[in-house]
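Below you will find one chain, with nothing else, as structure tokens; this is the form predicted on its own, and questions on how it binds or moves follow later.
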Amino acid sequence: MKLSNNYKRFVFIPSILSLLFLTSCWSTNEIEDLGLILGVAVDLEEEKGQEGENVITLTNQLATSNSSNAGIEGQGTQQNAYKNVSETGSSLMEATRNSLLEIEEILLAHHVKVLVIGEELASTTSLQQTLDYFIREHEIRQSCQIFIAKERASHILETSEPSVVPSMKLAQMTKAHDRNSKILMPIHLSKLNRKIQSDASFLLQNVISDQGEMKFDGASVFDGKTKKLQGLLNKEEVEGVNWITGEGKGGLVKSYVEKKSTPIIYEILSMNSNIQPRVNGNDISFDVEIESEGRIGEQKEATSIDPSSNETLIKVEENIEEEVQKLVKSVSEKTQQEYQVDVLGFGESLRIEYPKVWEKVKKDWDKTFSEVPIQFNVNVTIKDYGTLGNK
């Protein structure tokens, strides 16, 4: 269809005029001038400031031109895929501003993956105070993950592998939670802030640097009132935590049919827990029902034990249940008697089931929790024993 000249002018003239109102990217910066922060570590120094205040070291891990090739086989070079920049100050904001004295790039914190806090700082300073800067800073995403370093936090952001970015590797390692019950479910800044605001006690994943290799190593226990690190749980106790909370998704349990027999490895396919509070007048107690389905994943040596027989399966299931009982009792007794804090979710269950009772006890719940009886019932079902069995 042929368009009239009037119609052409009607379309053409407004299009030309609209160009006058378009602006170019006049306020942008070249990517080479940007310092993308991928991870942050915070440490407490031994020396004091001029006025006796604490001195904090802030370490920012910046991406380099090699970061895009990090973790790709054959793409590593002798130049590190990251650059760490550390600066001190009496506050995190002061340390951040001091770092600008030696960094030519424009720092951007939108891509921070992990925040690592040194054990000494977490033990002596309220975590609420330490995180205040990061919660207020609008550039830092609330989805960044929080960890506690059992040494200096800055050591976690170092590696001898030039093609590896420690911050990105640490963030990826938490995905193993689905297959290993000795790892806590990842906790992000937003979720941790809610816990802090509620005055509830909580756990954070520990990480260590072993000859340049980062590893998860238990968890740190934080008191809900002081917001300070109160104690540590080992890897087996973290395993018990995941059984009680039901947050574990996978893992292994070593079992023995007989005392001197070779171990049979139970692979967890599912893990569920139900914490049921009981209230009788002023007395509070808990029943915890734990259920798991799994399979026999490995038998260390060929023996006369036939894992496919019903008798053997029943024995293995009973022994696995005993092992799980040991794990959950160990961590519940430690949190109740030694640390006297509830980091296992019992208070939350009481709040949901008995809100009026919770209102009466929530102010001093950790102390109350340390005295309440807890009964565990574990039920394990082996759904699959593989294709191997004695003929």
Partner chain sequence: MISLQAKNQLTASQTAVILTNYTLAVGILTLPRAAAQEVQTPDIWITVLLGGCVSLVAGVIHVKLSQQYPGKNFYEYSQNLVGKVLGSLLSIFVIVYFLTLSAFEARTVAEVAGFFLLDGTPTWAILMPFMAIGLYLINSGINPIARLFEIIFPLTIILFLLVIFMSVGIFELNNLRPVLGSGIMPVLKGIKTTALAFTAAEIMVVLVAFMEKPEKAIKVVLVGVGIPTLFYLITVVMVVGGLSIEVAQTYTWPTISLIQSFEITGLIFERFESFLLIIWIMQIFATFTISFYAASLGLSHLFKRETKPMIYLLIPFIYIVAMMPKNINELFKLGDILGYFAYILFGLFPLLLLIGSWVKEGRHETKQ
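Here the structure is a predicted model, which is why all the values come from computation and not from measurement. Positions refer to the first chain, counted from 1.
Only in words, not in the display: the form predicted together with the partner chain, which the text now covers.
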Item to check | the partner chain in the predicted complex: contacting segment from 224-232, 87-95, 159-167, 192-200, heavy atom within 4.5 Å | outcome: 192-200
Item to check | in the predicted complex, residue 111 touching the partner chain (heavy atom, 4.5 Å) | outcome: yes
Checklist entry - Is there a non-hydrogen atom of residue 348 within 4.5 angstroms of a non-hydrogen atom of the partner chain in the predicted complex? => result yes
Next on the checklist: My question is simply whether residue 123 lines the interface with the partner chain in the predicted complex - judged by any non-hydrogen atom within 4.5 Å.
Outcome noted: no
Checklist entry - Even though the partner chain is not shown here, does residue 49 get within 4.5 Å of it in the predicted complex, heavy atoms only? => result no
Checklist entry - Would 135, 140 and 188 all count as contacting the partner chain in the predicted complex, using a 4.5 Å heavy atom cut-off? => result yes
Next on the checklist: Please identify the residue among 322, 353, 364, 53 with any heavy atom within 4.5 Å of the partner chain in the predicted complex.
Outcome noted: 353
